[in-house]
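We begin with a single chain expressed as C-alpha cells, specifically the form predicted alone.
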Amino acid sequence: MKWKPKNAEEGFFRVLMFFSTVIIVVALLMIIISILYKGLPALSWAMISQVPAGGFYFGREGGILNAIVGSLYLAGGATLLATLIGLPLALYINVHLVCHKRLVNGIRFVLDLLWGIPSIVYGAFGFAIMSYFGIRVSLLAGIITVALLIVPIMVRAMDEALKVVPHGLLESSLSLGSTRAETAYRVFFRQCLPGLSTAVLLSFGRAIGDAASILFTAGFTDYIPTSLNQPTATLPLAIFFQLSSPIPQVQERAYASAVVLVFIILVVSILARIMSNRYQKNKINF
C-alpha cells in the first residue's frame, strides 16, 4: 500500500492534536496541584468563617469571609443582570432575525469585539460613568460593570447553543399557530437549556474571577456589605493584595484564597451539570 500525502497530513494533525491536548492537560494539572500544595496548609475553618481582623494583611488573625460573600454577591448579581439582558437578545437574534443574515452577522461581530475588550477598559468605563453621576464605589457599581463585561460572553455562548436548533423546528412551531415569542421561550429555550446553562456558568466563572473591572468600581472592605451602596471585597482582589505582601504567611493565604475560589467554581459547575441533565428530557430530538 502506497503512502499518500493525504494520509501523511492526517497523521501530522493527529499527532499535533494529541500533543496539544497533553500540553493543556499537563498545564491545568500543574496549576491545580501548585495551588493545592501551597494553599491547603494555610486553609482553615477560621480563615473561611471570619472576616479580617486588624492587621490581617500583616499576618494577624482573621479570614476571608468578606471576600467569599462579596464575590458571590457580585458574581451572582452580575450574572442575573446579564441573563436578563442576554437571554432575550440571544433568542431575538435566532428567532426574530433569523431571515436577516447581514444584520445578525453584524450583531455577532459587534459582540465579538466587545468580548475582546480588556476588562480593565470596562473598569475605566464604569469609573468614568460613576464619576459623571457622582456614584461612589459600591457593590451596585461593581455588579453593573461586571454585567457589561459578561453580557457579550453570555450572548455569544447562548447564540452558539441556539444556532444548532434545526430551522424546521421554528417553521413547525409557527405553522401550528405559535407566535415567535412563544416559540422562543417555550420551544427554543427548552431545546437549548443545557447549552444556555453552560453559557450562564461560563459568564459566572468570568464574573467571579475578574479583578480588573472591579478594582475602581466595587472597592474593597474588610466587612460584608449589607446594602448595594456599600463597597465589597472579592476573592480575586483579596488574592492580589495578599500576594503583594512581603510576609510569607500572608502570601500563603493568597493560595488558600485561590483554593476557595476554585472550589466555588467547581461546585457551580457540578450544580449546572445536574440541572442540565434534569432538563435534558425536555429536548426534542429529530
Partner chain sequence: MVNKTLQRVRRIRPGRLLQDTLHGLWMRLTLALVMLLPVLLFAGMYYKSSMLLQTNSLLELIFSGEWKPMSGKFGFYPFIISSLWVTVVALLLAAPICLLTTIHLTQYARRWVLRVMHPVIDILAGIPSVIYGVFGILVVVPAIADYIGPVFGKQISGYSILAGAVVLAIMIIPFILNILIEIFKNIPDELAEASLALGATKWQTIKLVLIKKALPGIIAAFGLGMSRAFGETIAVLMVVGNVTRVPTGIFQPGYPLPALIANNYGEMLSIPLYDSALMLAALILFVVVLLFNFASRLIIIQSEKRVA
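Numbering follows the first chain given and starts at 1. Just so you know, these numbers come straight off a predicted model, no measurement behind them.
Beyond the structure shown, there is the form predicted in complex with its partner chain, which is absent from this document and is the topic of what follows.
Taken together, the three residues D112, L148 and A184 all come within 4.5 Å of its partner chain in the predicted complex, as judged by their closest heavy atom. For the options L89, L80, I135, L72, the residue carrying a heavy atom within 4.5 angstroms of its partner chain in the predicted complex is L89. Interface residue among S49, S34, S245, Q249 relative to its partner chain in the predicted complex, by the heavy atom within 4.5 Å criterion: S34. Here the chain stands by itself, but in the predicted complex one stretch of 252-260, 220-228, 50-58, 64-72, 252-260, has heavy atoms within 4.5 Å of its partner chain. Contact between G209 and its partner chain in the predicted complex is found at the 4.5 Å heavy atom cutoff. Within 4.5 Å of some heavy atom of its partner chain in the predicted complex lies at least one heavy atom of A124. Within 4.5 Å of any heavy atom of its partner chain in the predicted complex lies no heavy atom of I274. Using a 4.5 angstroms limit between non-hydrogen atoms, G76 is distant from its partner chain in the predicted complex. Residues of 8-23 placing a heavy atom within 4.5 Å of its partner chain in the predicted complex, in sequence order: E9, E10, F13, R14, L16, M17, F18, S20, T21, I23.
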